[in-house]
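Just the one chain here, laid out as structure tokens, in the form predicted alone.
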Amino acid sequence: MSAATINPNEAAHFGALAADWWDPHGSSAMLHKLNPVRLAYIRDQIDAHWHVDARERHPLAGRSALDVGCGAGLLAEPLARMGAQVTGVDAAPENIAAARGHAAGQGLAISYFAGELAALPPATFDLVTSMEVVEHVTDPAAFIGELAGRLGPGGLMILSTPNRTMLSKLLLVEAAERVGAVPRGTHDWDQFLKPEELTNLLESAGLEVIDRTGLSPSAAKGFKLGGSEALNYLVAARWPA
């Protein structure tokens, strides 16, 4: 990137988890519970943005997608199954190795890169996603600017991140790490962004926020969309019309 945003300690932390990233009961179990809810939001935003029929099995056919901070491909693979030509980039080489191996086993052609976003070949994408990443970078403003630089005309960007509230400090950091729901050292509460802060970063990069929703715990499903944004939230943005 023009301004490096990878935190080497964060990259090492997540790289050490690569081996069991795809184990729904392993260290990434929380991501496996979050993923269906995030995918539902992404699908809703895709349908609304490009006027796609909700019954269409391949709503991203003919479109390109970039997943930044892709880990071992938990989101990149469903995007590929939706028909997109997918590129994934992650700070940890271990994650990219795991992602490539898993995609090959699924028969999915996904382009994966390790390192800074600027190291990718010059290109823009129809869909840019970055889930639970902005709170781990060294310079959120520069990171959002780099994401915006990869969003093509008429494109859609979707982000998710924890909110910086006392409830998130209690549940996402202290309690979750204490009981082992997430590995110790995963979160730095001081790096969490409030919705208005993330909105300001997106608007400063020239984008327009078109939707925001909470992502909250659910006794029945683990997580649900809507309701409180106190723990986590998702944002959709685009270039102004």
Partner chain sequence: MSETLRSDVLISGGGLVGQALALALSHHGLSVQIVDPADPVATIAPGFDGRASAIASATWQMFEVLGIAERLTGHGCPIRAIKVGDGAPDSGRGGELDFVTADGDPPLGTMIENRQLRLALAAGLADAPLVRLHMPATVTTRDIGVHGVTLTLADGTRLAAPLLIVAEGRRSPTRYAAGFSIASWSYHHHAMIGAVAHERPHGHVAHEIFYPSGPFALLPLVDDGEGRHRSAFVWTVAEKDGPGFAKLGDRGFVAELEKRAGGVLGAMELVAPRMTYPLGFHHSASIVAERIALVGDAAHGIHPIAGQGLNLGLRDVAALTEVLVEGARLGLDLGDAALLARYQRWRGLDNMMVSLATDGLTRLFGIPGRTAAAVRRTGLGAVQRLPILKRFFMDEARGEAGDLPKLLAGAEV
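Quantities reported herein were computed from a predicted structural model and do not represent experimental measurements. Numbering follows the first chain given and starts at 1.
Beyond what is shown, the protein has a form predicted together with the partner chain; the following relates to that form.
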Quiz item: Closest heavy atom of residue 24 to the partner chain in the predicted complex, within 4.5 Å or not?
Solution: yes
Quiz item: With a 4.5 Å heavy atom cut-off, would you call residue 78 a contact of the partner chain in the predicted complex?
Solution: yes
Self-check item: Proximity of residue 206 to the partner chain in the predicted complex, heavy atoms at 4.5 Å
Solution: no
Exercise. Could you confirm whether residue 82 comes within 4.5 Å of the partner chain in the predicted complex, counting heavy atoms only?
Key: yes
Quiz item: Among 129-137, 162-170, 84-92, 101-109, which stretch has residues with heavy atoms no more than 4.5 Å from the partner chain in the predicted complex?
Solution: 101-109
Quiz item: 54, 210, 48, 61: which sits within 4.5 Å of the partner chain in the predicted complex by any heavy atom?
Solution: 54
Self-check item: Residues within 4.5 Å of the partner chain in the predicted complex, restricted to 36-50 and counted by heavy atom
Solution: 36, 39, 40, 43
